[in-house]
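The chain below stands alone and is given as structure tokens, in the form predicted alone.
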């Protein structure tokens, strides 16, 4: 006797997640609007954008590390540190994004410096986790071991916040070298995020053509903002590429939500698929880095004049 045909999975959970993602993107867009069009000079604009970028990175890390460490059942108490410090960084960076004139205050700088240092320690722990596995530095361990991206992003968030304070410190290098060094850091940040996205999409066999977007557009944005650090004329190419990278950071969670929908059980089995499917909180890292890059471009152009 033939088994009864199983009903097609409902699209309602996917629609709900897409609606929630759009609502979150709208809120982030408002934050980015504050970052890209603030009042004040280019240094205030850069400080505000760096704060917004750091806040978005902290949101991504808080959610991503909470999900990943929950999957690991929080076997080690140190696994609570990552999400907790990401929330601390979120508070401090959001304060800078909306109150850039206080970016050089002692309390937010100490908080973000601590967050950045915690990210470095987390990166060391994750590296140790990979190397202690059988096979040590093998492709299998890199695929399924502790990811390096989350603690690295936490370090970047801390750096962006500290640099935001330096932009308003009044030091001589603010108008000359600091914007160029920050542009180089943003280029490095993009390439690191591209490496992680490419690695994970390779694990997924690039089964969807959209999976090539994070390994094509952001590298071009990284090259363009790196070039803008050497010659301000390249900023004209960097701006549209950074905006395209920001769009990837918003569209990514929607694509990942659809990827979860395609897995066995889809959103009906969301408690497992959130853990096993494409990571929803990862793509906004591109948005955070792009926001910081767009904010530093005016200061970079002024430094080159």
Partner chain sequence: MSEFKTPFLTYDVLDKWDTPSWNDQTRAAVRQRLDDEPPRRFLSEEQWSLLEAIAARLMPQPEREEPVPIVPWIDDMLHRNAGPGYRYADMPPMREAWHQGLDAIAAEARNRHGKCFEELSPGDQDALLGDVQHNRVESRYWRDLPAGGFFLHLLLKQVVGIYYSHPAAWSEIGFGGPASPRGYARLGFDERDPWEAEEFDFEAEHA
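Positions refer to the first chain, counted from 1. Here the structure is a predicted model, which means the values were calculated and not measured.
What comes next is about the form predicted together with its partner chain, which is not displayed.
J.: Which single stretch, out of 216-224, 96-104, 68-76, 152-160, brings residue heavy atoms within 4.5 Å of its partner chain in the predicted bound form?
T.: In the other structure, the partner sits against 68-76.
J.: I'd like to know if residue 265 sits close to its partner chain in the predicted bound form, meaning any non-hydrogen atom pair within 4.5 angstroms.
T.: Within the cut-off, so yes.
J.: Given that its partner chain is not shown alongside this chain, does residue 275 nevertheless sit within 4.5 Å of it in the predicted bound form, heavy atom to heavy atom?
T.: Judged by the heavy-atom cut-off of 4.5 Å, residue 275 is in contact with its partner chain in the predicted bound form.
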